[in-house]
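Heads up, the chain below is alone and in the form predicted on its own; it's given as structure tokens.
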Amino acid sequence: MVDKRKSLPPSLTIKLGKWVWTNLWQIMMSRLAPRNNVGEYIRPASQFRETVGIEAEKKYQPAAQRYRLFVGLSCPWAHRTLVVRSLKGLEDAISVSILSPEGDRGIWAFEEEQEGCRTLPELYNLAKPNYNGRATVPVLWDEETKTIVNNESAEIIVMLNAEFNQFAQNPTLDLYPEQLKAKIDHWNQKIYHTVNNGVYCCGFAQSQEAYEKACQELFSTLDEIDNILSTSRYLCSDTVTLADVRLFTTLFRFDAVYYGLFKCNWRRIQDYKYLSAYLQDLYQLPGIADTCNLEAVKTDYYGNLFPLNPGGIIPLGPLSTLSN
């Protein structure tokens, strides 16, 4: 008996599939990555911006074991705080709790319940009832008042560098010295826009124009930094600063994630003579390797960013060139 049912022509099937996927992709990307009218990714601002300090009027005074960091091992912004905590030797003074992303719900969840909360949105609502913004890591949490002090990584690392020296194992290490602040601020500003956030502007771009602009700016800055590093061990001097910390956590993820998944594929970091050596140098600083988990990075990015990797396949490579 002949089956007279006819399938759709291949060309129509492809067109229908592309139309459905494109529309679904645009809906998912609009939730994952807010954009402007030309398809450029716009990162929302952090909402909790209090500070820790010894000034009398400060609500949050420095103290050992009063504050806790909530971090995700895959997140470059949270990774900054772990790096500074390690460099300063604050492991005994500031506790850390790890969260993992739940891709199906698009939220961070605790490995173990914290403050009666199983997820980061629950913790944010504990700190600020009826909070309806983004619940992101890192979080600097005050165990005493049960609230979020700050969730902006750039500000948290400044506090970790300066406000806990009496509890630090390396109190004389200053990652933000007065004489270099202008230079550090210059690099921080440039690196944030074109590199730290620039890789996301490439990966989350929703138009060809937006992607190409972000990609060109990213590699223009990387080229410039590689040239600077040909005559300087670190970005701002021959000693490590917060500018190096902020750059490191992006470079660490670059070849494994941003190069492929985020389409930042003009060059790899290992293709740069000086940037690759600089990354290795930073990785080998005491305690830094212990803050790095490349498998968690690959699993979380490739496994949870569904619009960028619908199949959820996690690549085996690249073989790491980093070593202690």
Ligand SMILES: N[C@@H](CCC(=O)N[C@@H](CS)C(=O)NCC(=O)O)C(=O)O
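Heads up: residue numbers just count along the shown sequence, starting at 1. Just so you know, these numbers come straight off a predicted model, no measurement behind them.
Below, we refer to the form predicted together with the named molecule, which is not included among the displayed structures.
- Contact check for Lys183: every heavy atom lies farther than 4.5 Å from the named molecule in the predicted complex.
- Heavy atoms of Arg43 reach within 4.5 Å of the named molecule in the predicted complex, making it an interface residue.
- Contact annotation for Pro138: at least one heavy atom lies within 4.5 Å of the named molecule in the predicted complex.
- In the predicted complex, the named molecule lies within 4.5 Å of some heavy atom of Glu152.
- Tyr200 is the sole member of Phe167, Tyr131, Tyr200, Tyr176 with a non-hydrogen atom lying within 4.5 angstroms of the named molecule in the predicted complex.
- Think of it this way: in the predicted complex, the named molecule has a heavy atom of just one of Phe254, Trp108, Phe248, Tyr211 within 4.5 Å, and the residue is Trp108.
- Shown alone, this chain has one stretch from 236 to 244, 94 to 102, 158 to 166, 75 to 83 that lies within 4.5 Å of the named molecule in the predicted complex by heavy atoms: 75 to 83.
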